[in-house]
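First comes one chain, alone, set out as structure tokens in the form predicted on its own.
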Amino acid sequence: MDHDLLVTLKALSDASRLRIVGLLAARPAAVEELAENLALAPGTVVHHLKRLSAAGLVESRPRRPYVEYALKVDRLHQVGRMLDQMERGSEQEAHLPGPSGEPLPAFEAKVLRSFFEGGRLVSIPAHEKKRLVVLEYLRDRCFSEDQVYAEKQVNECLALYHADVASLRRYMVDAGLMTRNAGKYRRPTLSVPMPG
């Protein structure tokens, strides 16, 4: 997460500071006015204003005999846009594309986000259901064509994702995602029942 956004969200995580932002949204005010409206000590209000100022949410300007504080509405809009972008990004992540470009179901997308980092498999899942998701993902990316693959080809492709190619090969065969015969690998073909 963006550091400035984090600072801003922390500044807004306090009820008194949120109330100050609410008052300043209506109109600029001095410390004494804010303290009176919020039933807080002026020193406490100054503390909260410093936090809001550090987050870029308020600005001060002299207004004799006081200093007046105003809400920086453009910064609030910017924070809103950043949060919207984060939300859109997480929605896109939740729908990672499948082999044909269609979004993956939420569980599969979550598993892949958990076990892949920078396009590489961090670890092979111990849980069988999660491991199957990872193996199907690898199979669809490495062996999309219906053809015979030599073991060397299988190793080279799987090595792009994880160093333990022997385990990945074995798991794929055990799960029925690939067939192995005399060192040759192939995606299993779906048998179509003959009309009776």
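This is a predicted model, so every value here is computed, not measured. Residue indices: 1-based, along the sequence shown.
Missing here is the form predicted together with the DNA; even so, the following discussion is about that form.
- Proximity to the DNA in the predicted bound form, defined as a heavy atom within 4.5 Å, holds among Arg170, Arg27, Lys50, Arg141 only for Lys50.
- A single residue from the set Val67, Ala166, Val148, Ala70 has any heavy atom within 4.5 angstroms of the DNA in the predicted bound form; that residue is Val67.
- The shortest heavy atom separation between Thr179 and the DNA in the predicted bound form exceeds 4.5 Å.
- The DNA in the predicted bound form is approached by Glu32, whose closest heavy atom lies within 4.5 angstroms of it.
- Leu40 belongs to the set of residues with a heavy atom inside 4.5 Å of the DNA in the predicted bound form.
- In the predicted bound form, the DNA sits beyond 4.5 Å of every heavy atom of His127.
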